[in-house]
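A single chain, nothing else alongside it, follows as structure tokens in the form predicted on its own.
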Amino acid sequence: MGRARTRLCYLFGVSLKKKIAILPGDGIGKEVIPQAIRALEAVGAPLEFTSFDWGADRYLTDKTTVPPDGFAMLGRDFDAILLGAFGDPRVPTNIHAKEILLGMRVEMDLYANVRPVRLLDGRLCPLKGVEAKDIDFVVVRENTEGVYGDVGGVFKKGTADEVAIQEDINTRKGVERVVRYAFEYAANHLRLDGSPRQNVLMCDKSNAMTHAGGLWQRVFKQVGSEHPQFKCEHMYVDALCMQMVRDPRQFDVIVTNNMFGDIITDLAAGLQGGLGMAASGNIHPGKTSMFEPVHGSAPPIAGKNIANPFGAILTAAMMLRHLGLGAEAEKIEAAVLAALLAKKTTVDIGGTLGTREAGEWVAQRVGA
């Protein structure tokens, strides 16, 4: 795997550059990922990039979604993966997106989807009276189970008696490891102001989903008892959504299942300036992990040079931090903040620049 390769390089005196697999994907992914790479190159991080053409274009050419041994190769030969977005109207089933993105999460066992929710500029938040310092929390989403496992089926399809069943899979192993990850994240990551994180909140819908919710409740209580330094809290997902827009100041780390995590992080992105500002990582500690901006491929705006590249650039910074390159990550994050304050941004967040121009401004700031 990538980390094993790094150890061998050290022993044999080979270059210690981190090997990064680049998958721009579809739509605006092919526009924003190059801007993230520009920032990475400008900061001078010891990285080596290899690009892969997995996506709709490749699928439409030869029906390949993931080449044989593709996921094993990524885990074996690379230290991290930087991914754009998948989805293309030319592939109505989006089978390539499912097999590449969801397949990568499952086959590489990237069980913790980590989404920082940070407001860098108070102007970007739609809530009145909220300042940048007020929104700084993280959502840890279980990433390999739940309803995304596509377990279920349809009976008597197309008739008046049609029945559709979608199973919600929650294993003790899957729940416990992501809950433990959330507590470990809280212990090892400070807030932006340098203060320690104090609260870990578990979100579910156990008043309706009693079996799955009961498992999450028991595990959270057990693991929480092992971390007495944190205040352990619980909210139903509907109450959490209300509180997130009522008073986001109260949150530190939120851990939840796959579906609820998907939904609440899109809501949370609205608090920080929209999906174009949101970064994420798909993590398996000690193994090759994947980093992707939260937004999708956005076909309606693809190719128009108007997509916000900052989510991808902040995702690249998140990847650097994961790889132990914290100083370089801070330079990139500082450049994005400077761009926001100077309004050197795309139109969606109040600027006048295009995707390429905003990315160039950040890269120049990083390299200055």
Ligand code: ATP
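A residue's number is simply how far along the shown sequence it sits, counting from 1. Here the structure is a predicted model, which means the values were calculated and not measured.
One more form of this protein, predicted together with this ligand, exists but is not displayed; see below.
Novice: Is Ile301 close enough to this ligand in the predicted bound form to count, meaning some heavy atom within 4.5 Å?
Specialist: Within the cut-off, so yes.
Novice: Report whether the minimum heavy atom distance between Ile332 and this ligand in the predicted bound form is within 4.5 Å.
Specialist: Close contact is absent here: in the predicted bound form, Ile332 is far from this ligand, nothing within 4.5 Å, heavy atoms only.
Novice: Counting only non-hydrogen atoms and a 4.5 angstroms cut-off, does Ile28 reach this ligand in the predicted bound form?
Specialist: Although this ligand is absent here, Ile28 would touch it in the predicted bound form, with heavy atoms inside 4.5 Å.
Novice: Taking heavy atoms and a 4.5 Å cut-off, does Asp348 contact this ligand in the predicted bound form?
Specialist: Contact check for Asp348: yes, within 4.5 Å of this ligand in the predicted bound form.
Novice: Answer with one of Val130, Leu275, Cys232, Ile169: the residue that has a non-hydrogen atom within 4.5 Å of this ligand in the predicted bound form.
Specialist: Contact residue from the list: Leu275.
Novice: Find the only residue in Pro116, Gly296, Gly281, Gly213 having a heavy atom within 4.5 Å of this ligand in the predicted bound form.
Specialist: By the 4.5 Å heavy-atom cutoff, the listed residue in contact is Gly296.
Novice: Quick check for you: of 317-325, 58-66, 302-310, 44-52, which stretch puts a non-hydrogen atom within 4.5 Å of this ligand in the predicted bound form?
Specialist: Of the options given, it is 302-310.
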